[in-house]
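The chain below stands alone and is given as structure tokens, in the form predicted alone.
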Amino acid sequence: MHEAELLFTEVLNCGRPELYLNKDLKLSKGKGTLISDVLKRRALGEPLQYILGKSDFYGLQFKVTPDCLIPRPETEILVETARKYPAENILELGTGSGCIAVSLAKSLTQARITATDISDKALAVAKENALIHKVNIDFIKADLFDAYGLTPNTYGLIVSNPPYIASGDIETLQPEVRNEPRVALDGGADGLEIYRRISASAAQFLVDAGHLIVEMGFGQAQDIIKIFKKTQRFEIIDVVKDYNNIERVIVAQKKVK
């Protein structure tokens, strides 16, 4: 659904078909005021998902707040790709709302999933989403791998949708995006800083032949591949395109010594 449909179905508490079948439905004064208030907030650049407090992702509905990144349809490619590499132990770096970890937990029911984030507030949202969807996930506050509780040579799969926007480009983004947490957007001077940090430590935490799967921005694939190859610990086994034919996900495999 587009934004107008999302807004009206939420306010009117109806489905999309009802919205068009009941064209003569009159809004109460209270609901009309509510819609007017929402439109004013949108005009100021506040994302609709934050206003409504929720967002759809991978067939599920997630609570979202300004403390976490809004789930994108493109990130569903990351989840779909990760499902092809099931593992006993899975680690997500930078979980945000928890949409990736929760979606994987719903699909890979036998896996033990650990999810980290540097933000206490984002972790609180992720934990709530895990409760809503009745999945067990170990949430740990961490700056990537820097945390007590993460065990080396343990994870068969590590996934991440890291910040990948260059610092200098953030102020050029749409107002809606600039309203999202900067820590979830800012990938350093060239947008690739977090990939360097992940590649430097990921092999230490993966089992032999384990997989590292990351999302990336437009035009970043070849640079990230070079970063991973430079460690001499990974073999690139797949680059997955999104719905717009843009290279969106890289799959790397830890080399066996």
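Counting begins at 1, following the sequence as shown. Bear in mind that the values here come from a model prediction, so they are computed numbers and not experimental data.
Keep in mind that the form predicted in complex with a small molecule is not shown, yet the notes after this line are about it.
Asks: Spell it out for me: taking the small molecule in the model of the complex, does every residue among 74, 164 and 184 have a heavy atom no farther than 4.5 Å from it?
Replies: Every residue of the spot touches the small molecule in the model of the complex.
Asks: Hey, of 202-210, 64-72, 227-235, 45-53, which bit sits against the small molecule in the model of the complex at 4.5 Å between non-hydrogen atoms?
Replies: Careful reading of the contacts points to 64-72.
Asks: Which pick from 108, 140, 177, 132 sits with a heavy atom within 4.5 Å of the small molecule in the model of the complex?
Replies: Exactly one listed residue reaches within 4.5 Å, namely 177.
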